[in-house]
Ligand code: NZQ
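Here we start with a single chain on its own, the form predicted alone, put down as structure tokens.
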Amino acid sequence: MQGNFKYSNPTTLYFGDHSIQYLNDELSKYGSNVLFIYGGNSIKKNGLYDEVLQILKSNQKNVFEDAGVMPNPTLDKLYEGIKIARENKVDFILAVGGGSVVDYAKAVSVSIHCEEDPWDKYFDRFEDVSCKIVPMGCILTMVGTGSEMNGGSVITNTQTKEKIGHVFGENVFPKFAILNPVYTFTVPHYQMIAGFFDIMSHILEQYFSGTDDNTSDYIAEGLMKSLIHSSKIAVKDPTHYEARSNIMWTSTWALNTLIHQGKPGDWMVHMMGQAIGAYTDATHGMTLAVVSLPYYRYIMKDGLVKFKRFAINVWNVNPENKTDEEIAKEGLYCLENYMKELGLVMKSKELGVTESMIRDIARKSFILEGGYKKLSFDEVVEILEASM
């Protein structure tokens, strides 16, 4: 394992079907003015809204609601949330929802006391936080992003058609996260399977980088095998507690910075997927799905050793009497079959991408250097065209 690193993760996790009881303990640590952030009406339908509100009130909190966070949180919505928070002098944020709600809550937390435009500072210049941060915690209702235990925040600027993520430091991580697998049971099927692939993509982005013998790769392989096994069960039985709990736990560990240690990381699938999302407002996990196979097939020869290992260790491909390239191709074929078994969208045109958009989407795709091949603009265009 090469390289030097510091690893620290300050988020406290409460996991299990009675984990919400710990919300009382956590609320006692923070101020009285709470910004309650959530998405649509799903938490009202399943009773979680009333349960959380009752706990907040029993802890003598002044509750100010910021509802309607969309699946791809926009800059306009962020401005709205900042306004609510400032007007009510909130000193703690509680996010209840999926990764988009948690991402958005982090953006609000670092922007309330920011004297500059948050888009310019955080999502254009990628600067560190230099102002007071309002602490936040979360109750997760959907898995996929891993946002409950990291500093990532993704915001969409609808005016410039840019969907950009900023990975903040550990001072922005949620102070706590409550993870009850039961809360994920009522997520719509389409969103559920998109979340499953978001988890897979997070692991692959980190796995397909580096050439040394790295402990993180062994952990990543185990996480992928667990996800594959449990997601196949959950697709058939969404209320299978063991499967959903394993997926929830895998999602957290896929992007809580652990398997990134000692790894450069690729992240080109996310760059292209997010650019597609900025133009189409498509579900994040599906945008990753449509570009993953075209991208990995394009770079496979450049990372042949790792793609061969992926085929053998994750998909149990028999390497006998096959070339390294044949083994690697079979591994990607197994990944394709798995994606189809889940029911993922496999073509970007089904998400609303048109030929006329391709070059513009390519221009909005940040080209990174952490993977096995640094792409040119024309190569990004070629991959996006193949995704159609």
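Only a predicted model underlies this, so the values are computations on that prediction, with no experimental measurement involved. Throughout, we count residues from 1 along the sequence that is shown.
Separately, the form predicted in complex with the ligand exists; it is not shown, and the next lines address it.
Chemist: Residue-level contact is defined here as any heavy atom of the residue lying within 4.5 Å of the ligand in the predicted complex; does N214 satisfy this criterion?
Modeler: Output for N214 is no: heavy atoms all beyond 4.5 Å of the ligand.
Chemist: If you check in the predicted complex, is I361 within 4.5 Å of the ligand, heavy atoms only?
Modeler: Answer no; every heavy atom of I361 is more than 4.5 Å from the ligand in the predicted complex.
Chemist: Give a yes/no on whether A243 approaches the ligand to within 4.5 Å in the predicted complex, heavy atoms considered.
Modeler: Because no heavy atom of A243 falls inside 4.5 Å of the ligand in the predicted complex, the answer is no.
Chemist: Using 4.5 Å between non-hydrogen atoms, is V291 touching the ligand in the predicted complex?
Modeler: It does not: once the ligand is placed as it appears in the predicted complex, V291 has no heavy atom within 4.5 Å of it.
Chemist: For the chain shown here without its partner, which stretch in 151 to 159, 75 to 83, 113 to 121, 170 to 178 has non-hydrogen atoms within 4.5 angstroms of the ligand in the predicted complex?
Modeler: That would be stretch 151 to 159.
Chemist: Within 4.5 Å of the ligand in the predicted complex, heavy atoms considered, which of N313, Q261, Q191, T280?
Modeler: Contact check passes for Q191.
Chemist: Here the chain is shown alone; which of S230, T257, T252, S100 has a heavy atom within 4.5 Å of the ligand in the predicted complex?
Modeler: So the residue touching the ligand in the predicted complex, by this definition, is S100.
Chemist: Across 25 to 47, which residues bring a heavy atom to within 4.5 Å of the ligand in the predicted complex?
Modeler: In sequence order, G39, G40, N41, S42, N46 come within 4.5 Å of the partner.
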